[in-house]
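In structure tokens, one chain follows: the form predicted on its own.
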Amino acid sequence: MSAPSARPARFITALLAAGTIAVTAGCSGGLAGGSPDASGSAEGPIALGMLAPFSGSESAFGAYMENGAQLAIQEINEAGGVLGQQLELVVEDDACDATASVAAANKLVTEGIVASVGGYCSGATLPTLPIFDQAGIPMVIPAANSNDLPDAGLPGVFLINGTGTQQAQSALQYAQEQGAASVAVIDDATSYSADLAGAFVEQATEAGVEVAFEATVTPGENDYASVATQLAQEAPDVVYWTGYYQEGALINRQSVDAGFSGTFMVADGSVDASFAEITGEGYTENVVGTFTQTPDMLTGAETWIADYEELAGEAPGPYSTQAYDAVRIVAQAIEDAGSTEFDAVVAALEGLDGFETFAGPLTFTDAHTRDSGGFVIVSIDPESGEFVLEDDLLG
């Protein structure tokens, strides 16, 4: 495996400079008072809504996202707000559950949000799309990345995380760089997981890499011995687990116990320190993951991390930066639109050109996705149990 690398300091400098420009624009007052907030007032705060998991198996990610979004709002408000108005974040728990997310989305609508900056689990985000669409609320989704989201074809849906197709490309690139001749893929049947697994199989097949076997497991179980045994028997060089960390950690442990000795690659839904805790000591050396870089992997992000820690009282984690960027992107679009009106904000989002984000300059494609995924390979530090940068896939 290649040695860890870091993002150039000049990138972070450019990002922070771009953030300053956006905030300064909001502070200019040129459009002050020109647009009402969702409650009809031109004086009250502009409300942005966030759905994220604060309960359930994925609850570790909710606070990371909320704090990242809150940091962006704090910076923008301190610089004068947007259209002369302050921003506020309204957060609801979707528990990474489709039923809970529908109720939470309807609550956000009644609470008067003008844009959504949430969405972690694709399966929970998908049923909220028509709710926000019918309410005229654009969505800049920071984490959920199933192709099912842009494929819904709704005009107000924008993704700033790489898609499942792009993540699968990174996974296959790494597997091939490691000389893998055969791979396997296991999913949990959720939209995010199945979409990513399907993309990986399709791309591996096209590349002439043998797909030794495919399996789908049921989330929430404690025993995955059947699939673990099959994995040991088929002995692929790399297995790609596309579900979440709770089940992935158990499958890895039980597969190693069954005799599997290949690389256990996980997707971004499993990249959390909880994976190492669950899979256990002595079971992490074979684990790598596909992920977008977190601030601790970026040279020059020290000030941003310090600001985050001052706000949150703890270090940032997965999707803190994407949530931070989602707020900045929406704020810039509202500023550019001179309004919170749906069509104007959507047009402004479509018109963003090279907007600096932690994942690089952003210009939305016609499908309202990034033109590149920005995924890297991470591995587990044996001392801390945290995922750290392993390979930036830049060659």
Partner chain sequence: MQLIWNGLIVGSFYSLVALGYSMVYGIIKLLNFAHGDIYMLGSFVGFVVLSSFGGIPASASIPALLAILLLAMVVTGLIGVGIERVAYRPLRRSPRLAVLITAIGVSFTLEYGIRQIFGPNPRAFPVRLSSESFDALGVRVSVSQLVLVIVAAVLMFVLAHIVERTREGRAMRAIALDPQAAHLMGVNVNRVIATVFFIGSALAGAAGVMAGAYYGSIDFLMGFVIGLKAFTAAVIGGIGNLYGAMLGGLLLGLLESFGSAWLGGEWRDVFSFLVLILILTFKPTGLLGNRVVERM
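Residue numbers count along the first chain shown, from 1. Because the structure is a prediction, the values reported are computed rather than measured.
Although it is not shown, the form predicted in complex with its partner chain is what the next lines describe.
When contacts are defined as a non-hydrogen atom within 4.5 Å, none of 169, 177 and 365 contacts its partner chain in the model of the complex.
Among heavy atoms of residue 288, none comes within 4.5 Å of its partner chain in the model of the complex. Interface membership of residue 213, defined by any non-hydrogen atom within 4.5 Å of its partner chain in the model of the complex, is ruled out. The closest non-hydrogen atom of residue 56 lies within 4.5 Å of its partner chain in the model of the complex. Within 4.5 Å of any heavy atom of its partner chain in the model of the complex lies no heavy atom of residue 79. Figure note: of the listed segments 137-145, 217-225, 302-310, 195-203, the one touching its partner chain in the model of the complex, with heavy atoms no more than 4.5 Å away, is 217-225.
In summary, among the residues 254, 191, 292, 263, the only one with a non-hydrogen atom within 4.5 Å of its partner chain in the model of the complex is 254.
Residue-level contacts in the model of the complex: of 258, 154, 91, 100, one residue has a heavy atom within 4.5 Å of its partner chain, and it is 258. Residues are counted as partner-facing when one of their heavy atoms sits within 4.5 Å of its partner chain in the model of the complex; in 269-284 these are 277, 278, 279, 280, 283, in sequence order.
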